[in-house]
Each structure stands twice: as C-alpha cells, then as structure tokens.
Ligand code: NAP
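Just the one chain here, the form predicted on its own, laid out as structure tokens.
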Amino acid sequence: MKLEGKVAIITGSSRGIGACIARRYGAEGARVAVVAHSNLDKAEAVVKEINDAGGEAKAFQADVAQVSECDRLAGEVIAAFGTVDILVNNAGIFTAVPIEDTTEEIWDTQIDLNLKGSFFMARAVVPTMKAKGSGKIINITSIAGVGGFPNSGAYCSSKGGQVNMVNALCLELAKDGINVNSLAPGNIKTDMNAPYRAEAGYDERQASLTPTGVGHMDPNELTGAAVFLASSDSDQVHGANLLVDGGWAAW
C-alpha cells in the first residue's frame, strides 16, 4: 500500500472527485479526513465505505472559503490523527455565466473557495509538515487552469491562480521537503456539472474536442494520479501540474 501510515486531509470529499480520492487513499493505507462543506451525513457515508473496506477515516465539517475554518480544520485533524502528511485541496465550485451576468457574489464565491481556500489550507498545514521535514500538498486544478472556457471567467481565474500558486509554493517549500503539485482533471462526470451534461449535445460536443473521444471521464480515473502525487513515488516532483484529461490540452 503506497500511503500506509500517512494522514490525508481531502477537502470537498463528501462527493464527486474528492470522495473517489478519499476511498482510494483509504484503500492505499492512509488515514483519511473526509471533509464536507456542510452536509456531514454525506461525509459520514464516505467514511463508512472506507472503514467497512478495512481503512480508517473520520468525517469533518469546514467551509474552507473562510480562513478561520481552514485553521480550525487542520487543528481538528491533527488532534484526531496526530499529524498531517497529505493535503488535497479539492473543494471547489463552478458557475458558468457570461461576463455581463457575473455578479460580485458569483466572482467572490468561486475565488474564495477555489483559490483562497487552497492557499489558506496550505498555510494551515505547512507548520506541521515543516516540523517533520516532509509533506504533500496537491491542488485539484482543471483544464480551465491552462486554457480558457467561454462564460467561465471567474472559474478560469480561480483555477489558473491555483496552478501558479503551486509554482510559487514549490519555490518556497521544496527545501523543507514539502512537495507542492497539482492535478488537473479534464471533463469529469460529477454531480456539480450534471446540469450542464444534461443539456442536449453537451457531452457529444466535449467528446468531439477530446482526442480520446470521451466526453466526460469517470472520476475514479483520476485516483491513480492522486496516489502518485501523494506517495513517495513523487518525491522529486515539485511544481508540476499533472493533466488527466484524455488529451484535451494537447490541441
């Protein structure tokens, strides 16, 4: 098991991509902090799946768009598990609207959760990682962080910021034995984008733009890359943005 003995915090892991990563980390031997924004019941359901499969997990609630909540969450996880070795900044929101319809609230909601939350969660765990001389910080970014999408200015800004944040933190923290990288999914089947996928022709259009011809991947197809970035296999990987996108960004 590649993550045996490690403690992982995965934000936004009560559903979607985060839940898939949480289950895989549990199967790889990590003790997993499953974090929900508000619905603790969903987090508990993921925890039960991990524990029933022989892993170890515990549910936590936090709104990581709030700096004080980031600090509280890190403290609670460390109190429960004794340390933190891996942080996966997965919590995020996607709202697609034209620029004319983008309100300050729509902008702030995406920037605060996707970008600010990632930075301040990293800040919250860095002292513990520095003290032990090791750690893995992984931002779940997006193909929207390396290319533009129409009607998604706020989202693309938040994801592009996450990608460049990885570069900055890598330069600062690599000397402390902390790996900072990102995992950039392509189009993934999640409940967050289900309304868009329900639109006639949407999946077919995405498939036509993807070299593999797959419109939306299964989120479990990301978990191998997530394990790699969290494990000792990636000890010399710093500042990378690993694309798992069916070749979307290769055009």
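Residues carry their position along the shown sequence, with the first being 1. The structure presented is a predicted model; accordingly, all values stated were derived computationally and were not measured.
The next section is about a form of this same protein that is not shown, the form predicted together with the named molecule.
Any chance Ala226 has a heavy atom within 4.5 Å of the named molecule in the predicted complex?
Contact with the named molecule, no.
Test of understanding: in the predicted complex, would Arg15 fall inside 4.5 Å of the named molecule by heavy atoms?
Result yes; Arg15 sits at the interface with the named molecule in the predicted complex.
Considering only heavy atoms, tell me if Lys159 and the named molecule come within 4.5 Å of each other in the predicted complex.
Yes.
When the contact criterion is heavy atoms within 4.5 Å, does Gly135 count as touching the named molecule in the predicted complex?
No, Gly135 sits far enough from the named molecule in the predicted complex that none of its heavy atoms falls within 4.5 Å.
Decide if the three candidate residues Thr128, Glu172 and Ile178 all line the named molecule in the predicted complex, where lining means a heavy atom within 4.5 Å.
No, none of the three is in contact.
For the chain shown here without its partner, which stretch in 91-99, 77-85, 146-154, 163-171 has non-hydrogen atoms within 4.5 angstroms of the named molecule in the predicted complex?
Going by heavy atoms within 4.5 Å, the stretch is 91-99.
In the predicted complex, the one of Asn220, Asn51, Thr212, Asn193 near the named molecule [non-hydrogen atom within 4.5 angstroms]
Of the candidates Asn220, Asn51, Thr212, Asn193, Asn193 is the one lying within 4.5 Å of the named molecule in the predicted complex.
Where, within 212-251, is there a heavy atom within 4.5 Å of the named molecule in the predicted complex? Residue list please.
Residues within 4.5 Å: none.
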